[in-house]
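Here you get one chain, nothing else, as structure tokens; it is the form predicted on its own.
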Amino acid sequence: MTVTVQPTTPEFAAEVGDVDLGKPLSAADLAAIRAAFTKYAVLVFPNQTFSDESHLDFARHFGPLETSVFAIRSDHKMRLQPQLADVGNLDAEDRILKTDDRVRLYQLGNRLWHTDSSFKRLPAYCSILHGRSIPPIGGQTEFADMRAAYDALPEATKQQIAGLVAEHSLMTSRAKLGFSDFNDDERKAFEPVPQVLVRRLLDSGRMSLYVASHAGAIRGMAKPEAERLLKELIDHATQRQFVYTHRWRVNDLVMWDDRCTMHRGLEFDDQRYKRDMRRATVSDVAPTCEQMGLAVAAE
């Protein structure tokens, strides 16, 4: 039996059934998943019970894997292997992180609207998140369709933002929460990188906004004006008509297109409930400016 795809809306988010991602995929099944991903941008695969290695093997079908930013710090004791981002609330001994733990304070940034790895010169193509342990209440993930948000912009705004380049840094998003505990290696790794505000998706040809809480400046624009424009675009893109909210179930695997979505995790009682979430992240094929044919000088 080939995979089945059940859309949540006609154009954004779908559930995928009749597939066990812990087993080798046929060419037909993989082609069906790719086609659904291109169309819907967010795919939910319920009841996927597999190992970390099977998780990574599935992700490798879509490109090279990123390394977790936590691997940058030699003093950080990692719970998972470097190719998996640990986005739960557990320490290396599977204990709930204390209120003042650096990792917990850093992870609070996931509650801001963002797209994974836009702070890297070569950003992410997709993220693939597996829910091993889920809090009974709270902790949903919201996804915003940046393609539909772009389509709904006034024509004057589309013309205004065409060709603009923003500066993205992980330190920018964390500063919004008052977090600044970065060592020298991290500060070097997280220096601002250029990303276009609008991009054309290579597979579908659709146009999409590309903004996130990591963006803090726009080249050639005064800082107050840039911050105002970025806020307006994010506020526009996160209106309810563009947002799908995923209520997690144990062993859900959710895959989303980082090129054309933003997401954020909603609040839950992270001092009471364990949340074990493991994410594989696949790199994009080229920097966004290069994809859009923009020659951008280093600053």
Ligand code: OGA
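Note that the structure is a prediction, hence the values are computed from the model and not measured. Don't overthink the numbering: it's just position in the shown sequence, from 1.
Separately, the form predicted in complex with the named molecule exists; it is not shown, and the next lines address it.
Heavy atoms of every residue among 116, 256 and 275 are located within 4.5 Å of the named molecule in the model of the complex. Heavy atoms within 4.5 Å of the named molecule in the model of the complex map, among the stretches 72-80, 158-166, 225-233, 106-114, onto 106-114 alone. When you look in the model of the complex, the only residue of 195, 213, 89, 141 with a non-hydrogen atom within 4.5 Å of the named molecule is 141. Between the options 126, 170, 129, 149, the residue in contact with the named molecule in the model of the complex by a heavy atom within 4.5 angstroms is 129. Within this chain, residue 55 is remote from the site of the named molecule in the model of the complex, having no heavy atom within 4.5 Å.
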